[in-house]
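Take a look at this single chain in structure tokens; it is the form predicted on its own.
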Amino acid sequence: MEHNSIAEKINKYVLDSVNIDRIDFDMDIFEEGLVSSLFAIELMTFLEKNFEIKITTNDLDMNNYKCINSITEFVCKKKAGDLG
């Protein structure tokens, strides 16, 4: 799966979850108050199921999940085996 299709799938999930029409891919979704810490857990479950990755305690750095672009980069690195 290519970078852009991963980003679009993540974007759709976030938009559906927060019930808005559009989001800047660099917007910090936690800092902006769009999502809660509970959403972070739901997001990790979504990522594991949809991208066939395993998220470990080493991956729990919130910088991996703060915006669409950082989530996409995290998923791409996990899929490439660059992270744990």
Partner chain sequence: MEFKTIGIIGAGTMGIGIAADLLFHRMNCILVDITTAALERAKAEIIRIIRFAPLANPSLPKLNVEEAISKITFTTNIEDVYNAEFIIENVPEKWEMKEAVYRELTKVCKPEVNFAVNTSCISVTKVASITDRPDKVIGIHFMNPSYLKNCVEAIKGYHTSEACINNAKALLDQMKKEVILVNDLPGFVTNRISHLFMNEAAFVVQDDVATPAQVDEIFTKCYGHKMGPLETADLIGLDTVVNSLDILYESYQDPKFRCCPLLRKMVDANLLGRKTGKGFYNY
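Since we're looking at a predicted model, the values are computed, not measured. Residue numbers count along the first chain shown, from 1.
Omitted from view is the form predicted together with the partner chain, to which the following refers.
Peer 1: Taking the partner chain as it sits in the predicted bound form, is I29 near enough to touch it, meaning that at least one heavy atom pair lies within 4.5 angstroms?
Peer 2: No - in the predicted bound form, heavy atoms of I29 and the partner chain never come within 4.5 Å of each other.
Peer 1: Report yes if any heavy atom of D24 sits within 4.5 Å of a heavy atom of the partner chain in the predicted bound form; otherwise report no.
Peer 2: No, D24 stays farther than 4.5 Å from the partner chain in the predicted bound form.
Peer 1: Can Y65 be called a contact residue for the partner chain in the predicted bound form at 4.5 Å between heavy atoms?
Peer 2: It does: once the partner chain is placed as it appears in the predicted bound form, Y65 has a heavy atom within 4.5 Å of it.
Peer 1: Any chance D16, E42 and E48 all have a heavy atom within 4.5 Å of the partner chain in the predicted bound form?
Peer 2: Contact check passed for all of D16, E42 and E48.
Peer 1: For the heavy atom contacts within 4.5 Å of the partner chain in the predicted bound form, list the residues of 49 to 71 involved, in sequence order.
Peer 2: Residues within 4.5 Å: K54, I55, T57, L60, D61, M62, Y65.
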